[in-house]
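Single chain ahead, by itself, as structure tokens, in the form predicted alone.
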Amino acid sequence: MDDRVEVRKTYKLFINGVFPRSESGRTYPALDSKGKLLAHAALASRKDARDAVLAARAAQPGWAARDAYSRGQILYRIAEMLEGRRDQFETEITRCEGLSARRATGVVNATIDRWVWYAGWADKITQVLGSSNQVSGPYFNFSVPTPTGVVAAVAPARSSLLGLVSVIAPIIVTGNTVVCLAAPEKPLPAISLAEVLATSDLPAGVVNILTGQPHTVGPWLAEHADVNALDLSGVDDDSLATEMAVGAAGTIKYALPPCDSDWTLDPGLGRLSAFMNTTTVWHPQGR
């Protein structure tokens, strides 16, 4: 029937492995590239952000304690599930970003490949970034990269799926957990990704995705004492980036600056190392 009324979905947040409504009960319209209503997305509040940080903090020690091979296998599984739902993501990319079907297919292909690429680094990055240091004395001295902890990230607005994955994947594969603010104008791919994560092997709380306005919760996350670092890649407002960087300074957080890059390029190792600390261990030589 051509005259049926299309049912518009109201999307929820993704916190601690489940999909709660915003505590405010507020939503906002998610539009396609031509301004047509696609769905309604939850408008996250500070309370929602606080809940997400609590979930990320609770999940981080267990996630970091997993061996790197296990984390890599979980990311591989996510890539497999994305492959199985590629038609949905291609449709959403086409409608949200106004891309042709061919270009949307390319974006989804790149997104799946990006998950696989980061999964492959899970059990290798420690060897690349770690070192055995020369010392004058009967000691061994090792430098080992360790997770930062909880990272708050703002996803890129220009690339609602590939950019989002390029931000989230390197954070979690290195043992961190994340609270990510999705691109406010294009939230559908982010929530669809959350549905994939919720049914994968990823432990609850490792990834938490909020939809809404970065101006509302971004500065609050930057000041939160239980957030250890910031990824401001998706912040396209200089005043907001400055406000969040200043807020982060109060608790001595590292902040990755805004990045208006081409997300289809080779990501390199910069993001893998950005949210890792270096722990140096001294050990006496045995005789």
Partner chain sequence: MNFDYAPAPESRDLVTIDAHYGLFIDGEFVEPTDGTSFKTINPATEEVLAEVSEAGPNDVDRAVRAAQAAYAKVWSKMPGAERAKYLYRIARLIAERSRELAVLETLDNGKPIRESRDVDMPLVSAHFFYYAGWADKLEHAGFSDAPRPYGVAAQIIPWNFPLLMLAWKIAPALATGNTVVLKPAETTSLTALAFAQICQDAELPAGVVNIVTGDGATGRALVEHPDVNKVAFTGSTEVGRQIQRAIAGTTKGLTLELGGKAANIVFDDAPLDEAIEGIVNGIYFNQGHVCCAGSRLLVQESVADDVLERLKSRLTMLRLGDPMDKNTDIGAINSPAQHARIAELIAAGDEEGAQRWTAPCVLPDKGWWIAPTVFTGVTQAHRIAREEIFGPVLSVLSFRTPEEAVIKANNTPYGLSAGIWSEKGSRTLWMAERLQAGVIWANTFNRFDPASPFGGVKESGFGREGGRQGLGAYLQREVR
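Positions refer to the first chain, counted from 1. This one's a predicted model, so the numbers in the text were calculated from it and none came from an experiment.
Heads up, the form predicted in complex with its partner chain isn't pictured, but that's what we're talking about next.
Against its partner chain in the predicted complex, the set Q134, G268 and V281 is in full contact: each member has a heavy atom within 4.5 Å. Picking from 136 to 144, 103 to 111, 83 to 91, 178 to 186 the stretch near its partner chain in the predicted complex, with a 4.5 Å limit on heavy atoms, gives 136 to 144. Note on the partner interface in the predicted complex: the residue among V116, A204, L99, L129 having a heavy atom within 4.5 angstroms of its partner chain is L129. This chain is displayed alone, yet in the predicted complex one of A42, A248, V53, A30 has a heavy atom within 4.5 Å of its partner chain; that residue is A248. A residue is said to contact a partner when one of its heavy atoms sits within 4.5 Å of a partner heavy atom; S261 meets this definition for its partner chain in the predicted complex.
Though the partner is left out of this view, S273 does reach within 4.5 Å of its partner chain in the predicted complex, counting heavy atoms only. With a 4.5 Å cutoff on heavy atoms, A58 does not count as touching its partner chain in the predicted complex; it lies far away. At a distance threshold of 4.5 angstroms between non-hydrogen atoms, S24 is out of contact with its partner chain in the predicted complex.
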